[in-house]
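Shown below, as structure tokens, is a lone chain in the form predicted alone; questions about how it binds or moves come after it.
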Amino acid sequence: MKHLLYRVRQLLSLAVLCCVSALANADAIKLGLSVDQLFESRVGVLNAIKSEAQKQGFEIIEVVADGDPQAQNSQIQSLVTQKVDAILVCAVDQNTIERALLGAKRKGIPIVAFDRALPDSRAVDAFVGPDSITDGYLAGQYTAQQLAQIDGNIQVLELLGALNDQNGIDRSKGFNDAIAELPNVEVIAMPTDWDSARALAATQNAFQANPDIKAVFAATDTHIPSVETVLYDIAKLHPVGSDQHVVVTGVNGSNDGYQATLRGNADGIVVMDLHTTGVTAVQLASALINGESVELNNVIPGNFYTTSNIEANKANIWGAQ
């Protein structure tokens, strides 16, 4: 009889533990994480998001659109159906997913856009990401300083990012605002849609038509190897400090940009703070879930490193780790 009572108590304890566990899981905050696509810098932000979510005891439900805006629209609708407590979104396209985001908003689900701003959205509660205007400005300011002593017309090649991406739009604005300080400057803007093959072809075509280009700005420093290839092929790849050097700058913080700057082929890169972006995204979502007020726009400017200090700051450059 004692053995039977002991066994009953064991079963009852186990049942209680199971109920407690189920309740705990039911009460756990669920964050929907809607990602445009996976590449090196995006993974850096995602790692920071997941680490901070784990620290706060949140569950993550991640969906990846692989660059398909319609797929992302459907994935966000699925997150709403799964009753997530908040959605963190990096959009493929600014406009395509608005319908799904508005659907989430009607359900009372807070929305945090990260890395890529959605300035025209009626659904987004907060944005966190790079200060892309400032990042572009830093590169343009440096370029203008390096070319300030040149007389006459100055041609500068700008390798644009995607024209439906707010980061690409803002980096271009910042760069052009700064480079406009040069008298008689002509900016030759070439679209790349963030594609390295297009960046290579654009650089080739630009130098063929304008062999006296004095500087190149790459909206992403992952395109700098394409610039190096073209400059080498036309015998214009000279290191920083040479009278024949073509000034090269970019924004991102990839290993491509780091290595090119370390070699002296590129002058410098603006490095984004991916870790702070990811952590802040989760903190904003947590505050919104708790009914707290947050800033709508939370921008994090990057740091500009040149050939003279980039190696000393390797620990601060995400692509060099």
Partner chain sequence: MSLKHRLSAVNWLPIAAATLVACILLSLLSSSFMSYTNLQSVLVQASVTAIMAIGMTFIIVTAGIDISVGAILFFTSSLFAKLMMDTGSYALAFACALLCATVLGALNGVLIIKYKITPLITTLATYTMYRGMAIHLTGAQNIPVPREMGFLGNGKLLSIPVPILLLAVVLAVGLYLFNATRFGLYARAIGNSAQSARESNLPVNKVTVFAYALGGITTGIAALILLARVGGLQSGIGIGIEFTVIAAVVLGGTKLSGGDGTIVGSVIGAIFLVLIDNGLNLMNASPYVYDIVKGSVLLIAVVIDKVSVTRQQQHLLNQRAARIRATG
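Positions refer to the first chain, counted from 1. This structure is a prediction, so every number in the text was calculated from the model and none was measured.
Not on display, but discussed next: the form predicted together with its partner chain.
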| property | result |
| --- | --- |
| Residue (of I109, A100, A126, L160) lying close to its partner chain in the predicted complex, criterion heavy atoms within 4.5 Å | L160 |
| Option touching its partner chain, based on a heavy atom within 4.5 Å in the predicted complex, out of V80, V185, I188, I133 | I188 |
| Contact of Q244 with its partner chain in the predicted complex (heavy atom, 4.5 Å) | no |
| Residue contact check: E62 to its partner chain in the predicted complex, 4.5 Å heavy atom | no |
| Distance check, D256 to its partner chain in the predicted complex, heavy atom within 4.5 Å | yes |
| 4.5 Å heavy atom contact, Q208 to its partner chain in the predicted complex | yes |
| 4.5 Å heavy atom contact with its partner chain in the predicted complex for all of G140, N176 and A180 | no |
| Candidate stretches 89 to 97, 146 to 154, 109 to 117, 194 to 202 - the one whose heavy atoms come within 4.5 Å of its partner chain in the predicted complex | 194 to 202 |
| Any residue of 233 to 249 that, in the predicted complex, places a heavy atom within 4.5 Å of its partner chain | D233 |
